[in-house]
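Form predicted on its own, single chain, as structure tokens, below.
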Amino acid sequence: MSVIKVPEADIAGWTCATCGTELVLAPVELEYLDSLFNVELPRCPSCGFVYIPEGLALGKMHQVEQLLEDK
């Protein structure tokens, strides 16, 4: 399965709120309504925390959710 890259994911200066480690872009598996997506998102390499930028959550992810729900 290919990884979806999010070009607007600017993680410069972002650190994990739990352990303070700098976030890195890494493939993350997302599931919604029995569909799986591999998306490159900011992730803590130490504890695994995943950060989903607000613009992505309210933009493209919301659009995909609506498309899946309409099926």
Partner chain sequence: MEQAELRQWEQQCVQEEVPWCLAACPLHVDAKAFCALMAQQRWDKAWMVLAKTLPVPGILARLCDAPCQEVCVRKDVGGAIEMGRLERFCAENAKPVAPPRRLPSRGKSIAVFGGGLTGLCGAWELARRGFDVTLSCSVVGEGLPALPDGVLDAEVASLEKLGVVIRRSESLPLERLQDCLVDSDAAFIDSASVPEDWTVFLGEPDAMTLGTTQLGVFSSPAGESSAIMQAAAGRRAANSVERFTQGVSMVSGRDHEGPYATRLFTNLASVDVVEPIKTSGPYSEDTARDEAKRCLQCECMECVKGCEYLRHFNYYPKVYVRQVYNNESIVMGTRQANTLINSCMLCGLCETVCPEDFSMADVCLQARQTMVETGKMPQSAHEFALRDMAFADGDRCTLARHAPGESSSEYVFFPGCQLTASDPEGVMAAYGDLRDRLGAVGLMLHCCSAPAAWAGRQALAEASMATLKQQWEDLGCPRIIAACPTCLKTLRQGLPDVEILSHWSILRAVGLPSGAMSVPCPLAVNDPCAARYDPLLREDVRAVLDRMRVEMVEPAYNGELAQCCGYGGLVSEANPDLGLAVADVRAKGADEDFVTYCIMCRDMIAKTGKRAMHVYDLLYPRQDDPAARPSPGYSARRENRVRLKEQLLRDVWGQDETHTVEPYESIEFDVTDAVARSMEDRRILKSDIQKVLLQARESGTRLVNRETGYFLASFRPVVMTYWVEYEERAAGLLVHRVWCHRMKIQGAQP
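Residue numbers count along the first chain shown, from 1. Predicted, not measured: the structure shown is a model, and the values here were computed from it.
Below: the form predicted together with its partner chain, not depicted.
- The shortest heavy atom separation between residue 17 and its partner chain in the predicted bound form is within 4.5 Å.
- Heavy atoms of residue 26 never reach within 4.5 Å of its partner chain in the predicted bound form, leaving it off the interface.
- Of the residues in 22 to 38, those that come within 4.5 Å of its partner chain in the predicted bound form through at least one heavy atom are, in sequence order, 22, 23, 28, 29, 30, 31, 32, 33, 36, 37.
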